[in-house]
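We begin with a single chain expressed as structure tokens, specifically the form predicted alone.
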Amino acid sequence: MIQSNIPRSGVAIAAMLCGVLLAVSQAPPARGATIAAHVRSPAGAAIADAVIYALPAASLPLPKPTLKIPIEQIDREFVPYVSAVQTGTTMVFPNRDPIRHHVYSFSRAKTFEIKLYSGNAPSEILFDQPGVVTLGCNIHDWMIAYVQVVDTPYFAKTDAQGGAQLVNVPPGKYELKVWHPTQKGGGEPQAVVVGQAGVAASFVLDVAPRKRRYKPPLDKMHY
């Protein structure tokens, strides 16, 4: 039998410290606060599909994107119509239609082309520069979608009630911005200070109605 030279009181203290360290190691990581944002028109109507994003005022270690984000082609439309992703995100473009699509963008933030395909796209696209990327289909000119690429992981898109929640935002100072694909004015950036309890913000944004081009019946399509 091995005799310990540690006094009983020392053994008890060591055991207690081990328990504390184990509890700390198993505890969930600290979570940030929430920025609750709301976007409305000058007349007070809720604005959906607006992207809200928070840019840190100071240099912070930001988590890198790890998930591949899809934009699907369903019923000859891009779904979703508006997406927001962090710079460095890889996006995929699965085609769920019984016809082929040809996805492209001529935008400065990302220029690419995926030629006619069905099912899973033959290539994935890395969105490595911030900015607005407009998507189209070279065969079906009514198909359009937008991707707002932002240099922050703290972003959200407004729902039908004009609300959005940016979650897990660390305390600190941020510049809060809003963007919508048909915006005409308003939506000036706001400086916010995020504390442990979070913060609320609201924007007034003047947007034009979404214009939809004519989409012929499916039985008239050839691809």
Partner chain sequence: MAIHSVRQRIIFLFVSLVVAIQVIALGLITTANQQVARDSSTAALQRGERIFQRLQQQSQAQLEQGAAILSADFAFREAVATNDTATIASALRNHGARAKASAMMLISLERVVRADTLLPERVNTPFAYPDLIKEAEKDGKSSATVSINDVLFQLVVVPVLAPDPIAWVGLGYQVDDATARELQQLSGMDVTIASAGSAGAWILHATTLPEPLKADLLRHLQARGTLLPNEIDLVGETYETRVTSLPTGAGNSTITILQRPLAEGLLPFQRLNSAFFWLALASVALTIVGSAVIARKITDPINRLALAADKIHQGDYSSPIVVEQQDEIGTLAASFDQMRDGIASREKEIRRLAYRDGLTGLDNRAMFQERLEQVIRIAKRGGSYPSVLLLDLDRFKAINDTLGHPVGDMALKEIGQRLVGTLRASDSVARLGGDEFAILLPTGDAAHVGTVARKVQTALEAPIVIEGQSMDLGASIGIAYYPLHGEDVTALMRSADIAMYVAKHEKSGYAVFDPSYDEDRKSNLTLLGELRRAVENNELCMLYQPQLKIELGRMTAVEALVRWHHPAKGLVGPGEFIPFAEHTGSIGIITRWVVAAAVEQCGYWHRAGLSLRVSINISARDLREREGLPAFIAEALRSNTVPAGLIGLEITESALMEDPAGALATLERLHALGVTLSVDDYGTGYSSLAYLKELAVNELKIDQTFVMGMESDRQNLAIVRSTIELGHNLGLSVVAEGVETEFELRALTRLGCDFAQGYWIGRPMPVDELEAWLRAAHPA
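Positions refer to the first chain, counted from 1. Given the structure is predicted, the values throughout are model-derived calculations rather than measurements.
Only in words, not in the display: the form predicted together with the partner chain, which the text now covers.
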The one residue among V85, I71, A121, I144 placing a heavy atom within 4.5 Å of the partner chain in the predicted bound form is I144
Within 4.5 Å of the partner chain in the predicted bound form: all of Q183, F203 and L205, by heavy atom?
-> no
Counting only non-hydrogen atoms, choose the one of 88-96, 122-130, 135-143, 148-156 that falls within 4.5 Å of the partner chain in the predicted bound form.
-> 135-143
Mark R212 yes when one of its heavy atoms lies within 4.5 Å of a heavy atom of the partner chain in the predicted bound form, and no otherwise.
-> no
